[in-house]
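Here are two versions of the same chain, shown separately as structure tokens and labelled structure 1 and structure 2.
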Structure 1
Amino acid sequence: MQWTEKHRPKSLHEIKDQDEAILKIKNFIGTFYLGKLTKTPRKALVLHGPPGIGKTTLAHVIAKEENLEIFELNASDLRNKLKLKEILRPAIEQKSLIRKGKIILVDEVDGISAVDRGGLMELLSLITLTNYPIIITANNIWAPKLSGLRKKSELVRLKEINYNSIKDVMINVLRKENNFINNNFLTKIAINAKGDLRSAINDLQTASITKDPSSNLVDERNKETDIFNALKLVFKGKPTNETLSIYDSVKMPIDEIILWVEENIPAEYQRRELKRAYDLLSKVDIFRKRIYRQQYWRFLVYENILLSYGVSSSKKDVKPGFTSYKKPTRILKIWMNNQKTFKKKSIAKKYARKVHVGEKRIMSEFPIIRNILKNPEVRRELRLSDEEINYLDKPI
């Protein structure tokens, strides 16, 4: 039997480094039924964070502590609307036969795709109908396909587990297994796990069946670092060579990373530190424009140094405790602005193709061309859609 299952926590005092998340879950369950009485719109609770930190385990332990039945679904197996209706809808309507209440656990919601035959839309509709609290787990809740879910959920981020806590857990596991491994080797496993307790225990079990585990080196896991961990290293860690390459492991366009840094600098820096950090960030923007306009790709190295090492070196004192980093609001503003100009661009593109003129020129002369586009025959010739016609007919 795998040690991760055999030694899974059975009570809350065995859960490491997640005190804040535990309080939020308890409060969510307690206020869920109060919300039913006051007819407050119902929401789900999303536990999110990297793999191996105990999201699913925490939901099970909370259910046990609160004397609640748990009904668990794996979202990767429920990719369509029909399946969700057949399985989840009865679960949110029927009472528990053996406990005072129930928790609906939807595990790994990342497995549901926005294009998977209505599965995600059905889940969103069931959230508003449920008679029982729904807890959802996700590795990356910021995926674009989950934007609708974020609006209908309370988000709780679980922290990566400190390596000392991981080491304590491994020592307890070894005691239960009547086994022994060198202390220095345990430390190496704990550090290389990078907050992933499940991976650490798997490595521990592998080492336990090796004749001389202390003679072997544990390969550092090529685990993708999400944007939250990258920001934590930049804002809270000392600037090192590792800082220079931290964004290489984040699967996100550099433009979006810049927005994340810009949004969260005030959460960590104050006064002169804040001024210096923003000054260096502005230089990142300068180099970025030079790269695009002049194709000076050698400037990429300066852009990266300023965004990582530069911003990190701006601080004198690290803000203690856990900081919840926010998604940049400018992304929403950019999207809203793009939506406003989307119809204008599509009309300009059609017009430019007909008159053999550049699209940029049409955009610059659009106020003049708008009068021409009032002609119904011109609109038919360009095959404008109803949305494009409505855009033209709106008062300026």
Structure 2
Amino acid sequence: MQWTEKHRPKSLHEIKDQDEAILKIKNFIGTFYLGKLTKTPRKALVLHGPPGIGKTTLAHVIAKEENLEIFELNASDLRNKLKLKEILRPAIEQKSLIRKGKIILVDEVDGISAVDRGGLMELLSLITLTNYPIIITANNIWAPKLSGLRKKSELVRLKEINYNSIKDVMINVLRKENNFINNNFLTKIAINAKGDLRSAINDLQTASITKDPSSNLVDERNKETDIFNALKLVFKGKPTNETLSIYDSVKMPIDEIILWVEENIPAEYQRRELKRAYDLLSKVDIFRKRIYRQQYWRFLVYENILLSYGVSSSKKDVKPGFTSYKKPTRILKIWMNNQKTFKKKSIAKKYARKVHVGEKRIMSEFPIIRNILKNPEVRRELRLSDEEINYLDKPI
């Protein structure tokens, strides 16, 4: 179960950083029911602000504390005029026969598309007619299509949640879950959330599933020692049968290994040795091209042999001493970026569509979303391709 649902605040004192808004909503409902404080009380109040700061939660909790029933309408209910007339009009016109008051909640009014003005017009006429207070939530109340709504409602801006409060909430959730996560990591999540408490709790939940949230960093380090060791054995060791399988233990695609070898040949070989090694490397490249063009994967074997045994046997003597190998710079960067952003983008696109968040945001928060994407169920739901899954499983 999602922690954001499981631990959704049930009373006002659990809601962080929104004291001002709480007062305003209480006031709004109070004037509405007592009626007399202002001559023409506004009948609708819009809670607006970015996602994950408590808009929906506040509406529900206030209703509960004020002992009001919630009558919730979504964008598609509004679009359906018939439904509105049938359900809502009677509901708003039969005033106070029952003692329990009502709040009408229109959550995420942004969802009503600008093209479909009907829904919005209907909402405006409801505001005029209603006998019950209407609470509306919106991410962006300044959208042009909402100008009519702005004029008819009281606007209450909810603030992004302070990062200390985010941490407090996370610690509380962990306590209830009997879970523990290292403090530095909590701070990181809290800062990264940029005021969005929902995404912080989601990140927390995924972090709690991954045993060691810093494992990505460790992988990065392992990856480098692997390739360094392999290069050392190829360049400095005698070519043997083991040399043939040397790259198997390196968790890196062969294309990337080629770039490492290429970059570091000059550090080890001179003159004729250098020429021989580069000759072999050019043959590797030819096989590589053939593999891509003809999809003839058996050539991979040759590619591998040339790159390991071949390069290793290009030297006459073993060069003693320590050589510090360099990370391939220019080409590797281009190559890796192309590879990465390509798959990352296609994954981000699928994910963005599902969670209704912008693709850009997903891209910028990819390191954290990556953890969510470890879940096989999520992968299935997003219909990730094998290549995309490979990309996700590869150490960063």
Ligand SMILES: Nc1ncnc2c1ncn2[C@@H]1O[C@H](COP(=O)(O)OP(=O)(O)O)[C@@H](O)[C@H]1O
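By convention here, residues take numbers in order along the sequence of structure 1, the first being 1. Remember, it's a predicted structure, so these values are computed and weren't measured experimentally. Between two forms, the rigid core is defined as the largest C-alpha subset superposing within 1.5 Å.
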Next on the checklist: Between the two structures, is it 1 or 2 that corresponds to the form predicted alone?
Outcome noted: 1
Next on the checklist: Superposing on the rigid core, is the Cα displacement of L23 between structure 1 and structure 2 2 Å or more?
Outcome noted: no
Item to check | C-alpha of P266 off by 2 Å or more between structure 1 and structure 2 on rigid core | outcome: yes
Checklist entry - Fitting the rigid core first, would the Cα of K152 be found 2 Å or more away between structure 1 and structure 2? => result no
Checklist entry - Upon rigid core superposition, what is the positional shift of the Cα of Y351 between structure 1 and structure 2, expressed in Å to one decimal? => result 53.3
